[in-house]
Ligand SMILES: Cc1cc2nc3c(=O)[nH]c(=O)nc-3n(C[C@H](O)[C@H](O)[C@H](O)COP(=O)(O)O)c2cc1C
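The data below hold one chain only, encoded as structure tokens and taken in the form predicted on its own.
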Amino acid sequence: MDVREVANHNSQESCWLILFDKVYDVTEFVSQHPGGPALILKYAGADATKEYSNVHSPAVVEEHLPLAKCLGEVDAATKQYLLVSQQRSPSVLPSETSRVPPLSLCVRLEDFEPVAKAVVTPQSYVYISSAADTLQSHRDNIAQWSKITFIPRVLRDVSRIDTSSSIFGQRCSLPFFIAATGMAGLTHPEGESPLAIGAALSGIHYSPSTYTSVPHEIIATQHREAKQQHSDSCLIWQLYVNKSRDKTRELIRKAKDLGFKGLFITVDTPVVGKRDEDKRLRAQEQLELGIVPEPVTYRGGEKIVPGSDNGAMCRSLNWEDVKYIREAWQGPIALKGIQSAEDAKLAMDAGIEVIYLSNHGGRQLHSAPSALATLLRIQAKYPEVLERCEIILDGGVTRGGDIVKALCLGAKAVGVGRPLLYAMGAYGLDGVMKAIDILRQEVEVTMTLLGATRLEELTPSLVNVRNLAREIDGLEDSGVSSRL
């Protein structure tokens, strides 16, 4: 197909795109795109392969567009007329490409964010930094770690420190892992690759999302090759359950075929939470493209579902569905997104091996409890859950000391997401390795100063939770602060 013909279809009424040398008619899909119409219309009539690859793997287009929407292959003889990934909106250009400070000046995880903000696109930064509504859940995630203090022990031999742990029985050299994150391709040209390689070289686990920028096959290969230098790292698939059971089973088969060792079943995303900064950026992009916003109308009688549509993900996911997922995986599983002690108890009763406490980085429900608060509620109401299940968590971790606090309260390992995306966006693989090393040093120093040489020695007796317990309904009356 002549690319000059493609260029004529550059509007919302008739929108064609070139992806991987094939022409697609995406007119009907423009209004349905979860990221808003502007993300597609920027590249209407042009080659969108580069921008698309920053966000999705090649297989996604085939999964979500009917075969009939592929109009044919690009005529190679007309490629000289091609409009390649034109950026039509200044809102998606890097905010500033000024001099990046030396990596050596990053001495704590918070140092990576301002550098990343200066070098990645506003679209990428807004996606990473945004959270639900007023950001309260995200801010609480961070703030509540400081409300737990340590009770160190002295005169103990701490000449040797062992930080090794395990998840799903898979050993790791450090008690934290790289949590699943999206938009890695917008953050860095190599997408998830620096995260996979950094995890392998550091001996920690990495959980890529179901929706990656780089194909899972490449992630698995790069991880395996880098892992030859270190044996203590594995990949864990973060599963967004598809509304089609057959597609979910297909994803699970892929994870098994690629050698993933665990499955994190995401249970907190029936819809995507309302993220104000994301919505504001999309509105700005649409205005810059001349897209007329839909008029506000009263839709009497229709059921209103908060949050935007999540595409293929399953809104009807329930406890019964866990059974077919377990049968397809045939191995230990984790439920990711547990936010109440009651659901943790149900997970234990259902035979779930790993319970992943998380509020999705504060990105889903406004005023959601932090994973730390949920952990304390489990301690108070159902302490047997901590004895029968592995507990892992994420949310707001910025220091190695935060990781140690979670371990003292019964967690097996802690996930870190945003800070590593910032590190990768700012410095690539070097930034990822530096961020992991910062956390490693802080965990080791904290354990040493607490008088603990192994993770098994990190117990509730080494922390004071009274200040945080006062803020959590029912905890003071339960006496949990005095027991811990």
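All figures in this text were calculated on a predicted structure; none of them were measured in a lab. Start at 1 with the first residue shown and count on from there.
The same protein also has a form predicted in complex with the named molecule, omitted here; what follows describes it.
- Contact check at 4.5 Å (heavy atoms) against the named molecule in the predicted bound form: none of 206, 233 and 431 pass.
- Contact annotation: of the candidates 360, 377, 223, 216, the single residue with a non-hydrogen atom within 4.5 angstroms of the named molecule in the predicted bound form is 360.
- Distance criterion of 4.5 Å from any heavy atom to the named molecule in the predicted bound form singles out 396 from the list 401, 369, 410, 396.
- Although the partner is absent from this view, residue 405 stays clear of the named molecule in the predicted bound form, with no non-hydrogen atom inside 4.5 angstroms.
- Among heavy atoms of residue 336, some come within 4.5 Å of the named molecule in the predicted bound form.
- Taking the partner from the other structure, the named molecule in the predicted bound form has a heavy atom within 4.5 Å of a heavy atom of residue 128.
- Under a 4.5 angstroms non-hydrogen atom cutoff, the named molecule in the predicted bound form has residue 419 among its neighbouring residues.
- Residues of just one listed stretch (319-327, 342-350, 159-167, 174-182) have heavy atoms within 4.5 Å of the named molecule in the predicted bound form: 174-182.
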